[in-house]
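Consider the single chain below, provided in structure tokens and representing the form predicted alone.
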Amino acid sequence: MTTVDLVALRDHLRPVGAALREHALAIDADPGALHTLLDSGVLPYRQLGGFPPGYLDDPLRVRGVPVHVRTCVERAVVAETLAWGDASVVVGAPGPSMSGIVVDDLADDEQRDRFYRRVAEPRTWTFFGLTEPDRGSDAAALETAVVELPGGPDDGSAPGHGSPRTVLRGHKKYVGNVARASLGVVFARHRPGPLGVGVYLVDTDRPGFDAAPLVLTGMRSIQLGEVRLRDVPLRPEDTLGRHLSPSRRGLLGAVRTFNRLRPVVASLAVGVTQAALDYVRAERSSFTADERWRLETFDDRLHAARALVLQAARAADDDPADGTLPAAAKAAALDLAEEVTHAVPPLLGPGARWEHPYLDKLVRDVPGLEMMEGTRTVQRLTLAQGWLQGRARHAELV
């Protein structure tokens, strides 16, 4: 549980969120403009990346107190505050990102040090290689495989007459930042069955690692991409969780990571919703009685969604194996973000999305949030299973 003053953390980061909004449209038009934002120094992405103590000399300080943004609650507050400016940049910035969470869960001391020392270098992106073009993010159905090739050293050279070498072979798609990442994690199957999925720490400069960005209509700063793994060499020390039993690594790592990240994605949706409501009130001075009632109803629902998201974040910090509340939070926050971002533009006239490109960007970004860490259909199934098993019945859902 965090001991950070969350109100102070929000207040500290509001100027950063405002600065992100100033750059949002330029980055939306050209994701390469993210470098201009990084050069400006207004986004302390390393301090907000979730590094363990010891890997940063200058952690974020809020009222003099160091904040390492390691808990789900802290991550949720940071995500919501910055998403008011640009949710896309929050996810597309350099740093440990999703890979850091699975490394925290599964890596041994040597692997954790290898990962964080590398990512602590400025402008180092990471990737999370789970989703596949024909299997989505269903970790139990992965086709990417760990293959033993006969003969040849474990150095990426052609097969010869030495010991068998181990390689990764497969195709991942819709992977954030993969074309500019230096390292990340890849989920792959090493044998049949639910315990046959492993997680591997992979450097992107290895032979056979071929990544390229995709064309996007929203959340462009993330630079979603695909990667083809053509016999990418693996070393024994790449296997995350090698010191753990098979039942505690692989799929379990993915589930715990998703449960910790869903409240963060829900927070991004809350931030986008707040941004849309604030924008329309800034652009129009008076409303009809019916319009005021609709906006006030959205305010009330947003307040409830924010409370649910924080409750889910605290639950994920307490027990990351239980995804019931995180699933409820993501589904509720995305429902509201979608409804509000579609309801607000007509309040500014029939050509609002053309005349107000920031509003248009909010509308286009929300579907990207839908695809992160499982769609709302997946969340509702998880919530229903948890409810039937007696979990989260104390929660007030919106």
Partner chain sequence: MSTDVVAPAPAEAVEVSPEEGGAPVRADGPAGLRAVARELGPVAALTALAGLLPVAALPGEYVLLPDDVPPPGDWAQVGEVASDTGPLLVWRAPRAGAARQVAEAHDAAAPAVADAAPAAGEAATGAADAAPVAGETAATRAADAAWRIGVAWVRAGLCERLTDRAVERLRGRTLGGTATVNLPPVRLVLADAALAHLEAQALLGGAAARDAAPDGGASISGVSLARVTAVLDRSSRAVHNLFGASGFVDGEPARLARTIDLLGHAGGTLPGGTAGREGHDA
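Every value quoted in this text rests on a predicted model; they were computed, and no experiment measured them. Numbering follows the first chain given and starts at 1.
From this point on, the text means the form predicted in complex with the partner chain, which you will not see here.
Participant: Just to be sure I understand the contacts: of V62, M371, V42, A33, which is the one whose heavy atoms reach within 4.5 angstroms of the partner chain in the predicted complex?
Facilitator: That would be M371.
Participant: Would you mind picking the one in V264, V185, A316, M219 that has a heavy atom within 4.5 Å of the partner chain in the predicted complex?
Facilitator: That would be M219.
Participant: Three residues, D290, L348 and D360; all within 4.5 Å of the partner chain in the predicted complex via heavy atoms?
Facilitator: Result yes, every residue of the spot touches the partner chain.
Participant: Any chance D113 has a heavy atom within 4.5 Å of the partner chain in the predicted complex?
Facilitator: Result no; D113 lies far from the partner chain in the predicted complex.
Participant: Contact with the partner chain in the predicted complex for Y174, defined as at least one heavy atom pair within 4.5 Å: yes or no?
Facilitator: Taking the distances in the predicted complex, the answer for Y174 is yes, it comes within 4.5 Å of the partner chain.
Participant: Since only the chain is shown here, I'm wondering whether A282 would be in contact with the partner chain in the predicted complex (any heavy atom pair within 4.5 Å).
Facilitator: No, no contact at 4.5 Å.
Participant: Should R21 be classed as touching the partner chain in the predicted complex when contacts are defined as heavy atoms within 4.5 Å?
Facilitator: No, R21 is distant from the partner.
Participant: Would you point out which of 319 to 327, 129 to 137, 104 to 112, 254 to 262 contains residues with a non-hydrogen atom within 4.5 Å of the partner chain in the predicted complex?
Facilitator: Residues of 129 to 137 come within 4.5 Å of the partner.
Participant: Of 362 to 381, which residues get within 4.5 Å of the partner chain in the predicted complex if you count heavy atoms?
Facilitator: Contacting residues: V363, R364, D365, P367, G368, E370, M371, R376, T377, L381.
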